[in-house]
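Let's start with one chain on its own, the form predicted alone, as structure tokens.
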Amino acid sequence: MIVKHGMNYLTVLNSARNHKLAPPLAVLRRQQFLIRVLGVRGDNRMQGSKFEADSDNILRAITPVFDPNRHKGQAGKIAVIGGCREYTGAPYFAAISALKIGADLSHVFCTKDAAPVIKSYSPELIVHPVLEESYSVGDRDRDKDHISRRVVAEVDKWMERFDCLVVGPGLGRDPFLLDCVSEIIKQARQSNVPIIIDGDGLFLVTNNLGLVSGYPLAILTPNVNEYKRLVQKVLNCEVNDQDAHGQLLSLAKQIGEVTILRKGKCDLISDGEIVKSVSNHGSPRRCGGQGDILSGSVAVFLSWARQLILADEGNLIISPTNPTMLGCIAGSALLRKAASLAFEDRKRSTLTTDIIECLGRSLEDICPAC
């Protein structure tokens, strides 16, 4: 049998059957999968080579060494704003991922209904049941204003302790709750606390870009649908994958000083000045919750990068030098490595919790603790 260039998989299979040379179907399916995976990886590398970030060296540069003189909290204090009746897993994934990577403390600010559930997942998390949804608030505007001020004040009294805020995992779209979170974002900006916007936080920000516009310590982490809505809202056009790098650069620049991590087969990152890509092999298993791992990971690495840059006083030799870019590159690369390790072990049964358990080993492979 002669296989000509350009013949597709079904054509080859039918031809092989006609010549009584057909290998078992399982073998053909595996061959097709390998060709598809290798082709995708090759295309990503080819497209992203000009922009590909030196992620392993960035991870080594910004991950702090262990120092017996350091005290609790110096390796990072992260807070997640999210978690409601329907969604308790997402804030847990983000918060516990931060701890698994090496943050010292991880807080979750959620609704009263979500708090007992999130607490039951792990005693490692500090859970604050302070957020409120419309159903638990009175109808009178005076009551709403009072409760809103109380919610914002409860979060704000902790604000100066945090190195980074993750806003959105499991937040939901309750109008009263989103109004409170808008005020929390404003308070974080006033306190100069970095903010990662993910999940339902992106729904909030897309409808009120002024919350993050002009704030250089803000990071947006949209998936394909969230990115589409951002492009339509800001650039008034559709997503252009033929000029993905240029469009992302324009989007970040148009919003103003924010950094955007566009999630996809190849993660693209831009602060409006440059574009970098991370196309390390990850996992073909797309279980829900990986974006939450990413937001928690980026929060830790952003905190570490910022501390390093502030302490180094301009002598650090690393590119890029923007801590938000460094945090995104490191978080993206580590998640991909952890997802790849988890898939090697679990294959189709890979879950988000399996990937979380591989975070520490993945970081240890790149920059050993000892």
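What you see is a predicted model, and the numbers here were worked out from it, not measured in a lab. Residue numbers run from 1 along the displayed sequence.
What follows is about the form predicted together with a small molecule, which we do not show.
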Handout entry: Selected contact from Gly289, Gly272, Gly102, Pro129, since only one has a non-hydrogen atom within 4.5 angstroms of the small molecule in the predicted bound form
Key = Gly289
Handout entry: Residue (of Gln247, Ser283, Ser148, Thr206) lying close to the small molecule in the predicted bound form, criterion heavy atoms within 4.5 Å
Key = Ser283
Problem - Distance check, Asn223 to the small molecule in the predicted bound form, heavy atom within 4.5 Å - result: yes
Handout entry: Contact of Ala330 with the small molecule in the predicted bound form (heavy atom, 4.5 Å)
Key = no
Practice task
Give a yes or no for Leu334: in the predicted bound form, does one of its heavy atoms lie within 4.5 Å of a heavy atom belonging to the small molecule?
Solution key: no
Problem - Contact test in the predicted bound form: Lys263 vs the small molecule, heavy atoms, 4.5 Å - result: yes
Practice task
Specify the contacting stretch among 103 to 111, 292 to 300, 252 to 260, 187 to 195, defined as having any heavy atom within 4.5 Å of the small molecule in the predicted bound form.
Solution key: 292 to 300
